[in-house]
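The chain below stands alone and is given in structure tokens; this is the form predicted alone.
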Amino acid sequence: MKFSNYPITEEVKKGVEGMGFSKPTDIQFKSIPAIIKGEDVLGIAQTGTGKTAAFAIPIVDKVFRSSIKGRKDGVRCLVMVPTRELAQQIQEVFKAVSKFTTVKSFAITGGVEQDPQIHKLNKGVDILITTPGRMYDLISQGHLSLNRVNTLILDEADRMLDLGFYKDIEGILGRLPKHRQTLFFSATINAKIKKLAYSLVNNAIRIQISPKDPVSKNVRHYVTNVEMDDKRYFLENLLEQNAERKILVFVRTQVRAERVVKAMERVGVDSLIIHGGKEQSERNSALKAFKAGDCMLLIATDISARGVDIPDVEIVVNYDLPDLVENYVHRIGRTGRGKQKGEAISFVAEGEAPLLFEIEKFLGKKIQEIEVSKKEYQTILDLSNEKSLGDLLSQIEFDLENESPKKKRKQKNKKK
């Protein structure tokens, strides 16, 4: 079935066509008809399979049809997401789908001035994409009302319904009309979160694609054993062998991210960095440059692991394994998106073995290991430019400390 055959308006079809879409992906094929019918949906599918378009296309059509009938009175659809970057990305999808309609979508997030956001809301917004924090600020200040919302969407639903966000979600539900359509989408979901999701809807249908393996078949992923202090040498080696490829590296903390960037600087490798401690403008700038290919290496924390669609990422490196096992799937899902192929490699230190065990348990299978012999391991260390520089400096210091007494005396006499 083609999008041209769907019961959606010609204006929406034109927007979809402009995005280069002709046939729906599996998650789109199964979700769109149910959403058009007004049903609640719990959609679970691998990363990179077009989940955003799966809800954006029918929702834009729904809002556009209501605006045609003259009912245009505030926010009609609320999309809640866990990160600012994801909110901005989803807004771009809604804009593309609604390009030839009168539907207005807008993303509001923290980290930027709120006055321009208030101005935009006052001009009228149909579809609002947001993170919880800034939305609560605007509601409490009287700048945002949700009493006209007839569709609630939680993207990255497992994250939105966990302990970090659930109280926010409960607060929002109390401000929404009781009769509404609720949609949940995610690449991963566990039994507890699924039960919680079902408790928030009327009669949700579950649409699950490839449930046996949450990792896309387009991604080949491996692990290799690397001591914690040696990871920078292995990353340097991998970068040298893949100089022309776009590589995304995930680390566990902001401090680790900064250290990896500095380590790469010492060996002459340019990189970009993104984490929660950076200003939003810096995060946006880094993502923009990486997407454009101005720099081929991005160091990131899990702030970029969920949902963010970066074109042409060929390799994902888990410099550190994630603390949350689900984030392994989301991380390596930044490559191999759509019809593209991708690779992922995880550097696993001895102390990370329990994390690896939990990840493999979650996946239901062992991850293929790349074995490195002692000789190969030592060669990678020896070939490091950082190590070579360190050896050179050490040799200079050694030579100065062991300078012959005769030479020192000559220098002393020369001073006299």
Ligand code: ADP
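Numbering starts at 1 and runs along the sequence shown. What you are looking at is a predicted structure, and each value in this text was computed from that prediction instead of being measured.
As for the form predicted together with adenosine-5'-diphosphate, it is not shown, yet the points below apply to it.
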Exactly one residue in 271, 89, 117, 181 has a non-hydrogen atom within 4.5 Å of adenosine-5'-diphosphate in the predicted complex; which is it?
89
Wondering, does residue 275 line up within 4.5 Å of adenosine-5'-diphosphate in the predicted complex on heavy atoms?
no
Answer yes if any heavy atom of residue 52 is within 4.5 Å of a heavy atom of adenosine-5'-diphosphate in the predicted complex; otherwise answer no.
yes
Should residue 133 be classed as touching adenosine-5'-diphosphate in the predicted complex when contacts are defined as heavy atoms within 4.5 Å?
no
Using the partner position in the predicted complex, report whether residue 171 sits within 4.5 Å of adenosine-5'-diphosphate, counting heavy atoms only.
no
Sort through 58 to 66, 360 to 368, 41 to 49, 345 to 353 and report the only stretch with a non-hydrogen atom within 4.5 Å of adenosine-5'-diphosphate in the predicted complex.
41 to 49
Kindly indicate whether 83, 84 and 301 are, all three, within 4.5 angstroms of adenosine-5'-diphosphate in the predicted complex, using heavy atoms.
no
Would you mind checking 20 to 42 for residues with a heavy atom within 4.5 Å of adenosine-5'-diphosphate in the predicted complex?
21, 23, 24, 25, 28
